[in-house]
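The chain that follows stands alone, in the form predicted on its own, written as structure tokens.
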């Protein structure tokens, strides 16, 4: 099953999102800062990143840019997650290569899992038949 990197600095949300995604059968790796998330991506392959915008140190938009500008990681789908519902922020995220954008106020476990599944379907290899 796919590995999801969740970069979220708010512990209760990190736990809720991890539980929701993990319950759907995915492996979840968590980071509480952008720097930590970038280090994880360097050390292990991930299939999708859920990325908060407002992070300590390096913000989520800068993490997104680093992921998308690196030829080794630019294929990884990134879904931005934020409380910020501003058109300018959405545009910056899209321009930087975000594949999706979820507003924290509208996230339910089902919506989160559906978004993850939606972006993994296009990037998952088709199993070969014997």
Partner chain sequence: MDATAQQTMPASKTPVSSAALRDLKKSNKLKDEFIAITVHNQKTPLIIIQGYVDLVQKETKNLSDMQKHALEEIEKQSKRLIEINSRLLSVTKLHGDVIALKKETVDLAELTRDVAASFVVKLQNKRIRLVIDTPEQLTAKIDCEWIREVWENLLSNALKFTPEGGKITISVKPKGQTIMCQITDTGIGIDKQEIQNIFAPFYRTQDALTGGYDGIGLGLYIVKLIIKGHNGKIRIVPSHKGARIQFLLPKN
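Numbering follows the first chain given and starts at 1. Just so you know, these numbers come straight off a predicted model, no measurement behind them.
Absent from the display: the form predicted together with its partner chain. The rest refers to it.
Which of these stretches, 60 to 68, 25 to 33, 83 to 91, 43 to 51, has heavy atoms within 4.5 Å of its partner chain in the model of the complex?
-> This holds for exactly one stretch, 83 to 91.
Can any non-hydrogen atom of residue 15 be found within 4.5 angstroms of its partner chain in the model of the complex?
-> Heavy-atom contact with its partner chain at 4.5 Å: present for residue 15.
Are any of the heavy atoms in residue 117 no more than 4.5 Å from a heavy atom of its partner chain in the model of the complex?
-> Because no heavy atom of residue 117 falls inside 4.5 Å of its partner chain in the model of the complex, the answer is no.
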